[in-house]
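Next up: a single chain in structure tokens, the form predicted alone.
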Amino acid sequence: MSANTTTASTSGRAGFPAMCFAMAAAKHLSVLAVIIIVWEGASALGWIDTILLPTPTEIGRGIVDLYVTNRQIYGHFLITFYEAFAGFLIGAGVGIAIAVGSALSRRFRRYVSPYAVILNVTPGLALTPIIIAWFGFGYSSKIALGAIVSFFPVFVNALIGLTRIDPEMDEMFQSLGATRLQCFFKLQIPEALPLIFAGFKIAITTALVGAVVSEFSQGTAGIGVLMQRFAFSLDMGSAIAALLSMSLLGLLLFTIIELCDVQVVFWRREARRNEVSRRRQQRWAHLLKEKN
């Protein structure tokens, strides 16, 4: 009787988050349905200029045309994904490298940080003609601009995380005779990882913005180019469908970083922390069993 009660309560607790998620999703879908109905009705009554702002039906037709009929979105989607993700990897890599150097050397930080700030306050759009002149009209210019605009969030977050050390933890490491590299890898990096991944989440979206802005300026392929073509031909339904595809791409890139955050910074989430702890206990028990 007790075991059955425990099993029932456990399954009830497991099903409660799913029920809450379903209820929240239903509320959001209801609000979206009301907005679409009001939007469609206002367009039918002539309150909205459908040439400039198409009806939800026309947008849905544009989505079907892009994804099902012509299927032209897929190639452009992959091109913009490649440009944004490659730019993010380069910008984040450089940002992490300079942040590590700045955290380990105050002199290096004193000389490098002002240039990083200057690069950040310079509008990325203003750099586009120079980037095109340097890297040409291919993928390289889009990747370069994405790398430039995604560099600073990673650099700042990583530098703050690496230099913000708990004094008590630092004192404990010093009392145990830890070397500087041991303190860096065992204390500073784990403490900085949450902020680093926060910077990654900002940088991945700015890299997408940089890639799309570069596509608007001189691209021949990509979601930005596709959206621009539809807008110039006043096919606003397809243009907004391309815009929604751009939002989908941004959500995909953000989700990739979020999943990496869950896997790497596991101690910030109770379920993930318990899972890792259970796996480690099983591995240690297996090793002890083999030794015995």
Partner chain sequence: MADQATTNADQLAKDDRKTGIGVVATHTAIFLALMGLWELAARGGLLDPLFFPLPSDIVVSFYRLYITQANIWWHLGMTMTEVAVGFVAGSALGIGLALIVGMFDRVRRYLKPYIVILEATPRIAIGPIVIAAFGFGWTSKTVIVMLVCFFAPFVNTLNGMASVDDEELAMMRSMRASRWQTFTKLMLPDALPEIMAGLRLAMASALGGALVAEFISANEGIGVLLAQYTGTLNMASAFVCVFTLTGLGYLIFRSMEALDRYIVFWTDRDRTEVMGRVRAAKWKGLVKEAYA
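Numbering follows the first chain given and starts at 1. Quantities reported herein were computed from a predicted structural model and do not represent experimental measurements.
Below: the form predicted together with the partner chain, not depicted.
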Does the partner chain come within 4.5 Å of any heavy atom of Arg180 in the predicted bound form?
no
Report task. Answer for Lys186 alone: is it within 4.5 Å of the partner chain in the predicted bound form, judged on heavy atom distances? Result -> no
message = So, Val117 and the partner chain: in the predicted bound form, are they within 4.5 Å at any heavy atom pair?
response = yes
Is it the case that Ala239, even though its partner is missing from this view, gets within 4.5 Å of the partner chain in the predicted bound form, heavy atoms only? yes
Checking Gly75, Gly93, Gly101, Pro123 against the partner chain in the predicted bound form, the residue with a non-hydrogen atom inside 4.5 angstroms turns out to be Pro123
Among 67 to 75, 81 to 89, 150 to 158, 166 to 174, the stretch whose residues bring a heavy atom within 4.5 Å of the partner chain in the predicted bound form is 150 to 158
When the partner chain is considered in the predicted bound form, the residues of 125 to 142 having a heavy atom within 4.5 Å of it are Leu125, Ala126, Leu127, Thr128, Pro129, Ile130, Ala133, Trp134
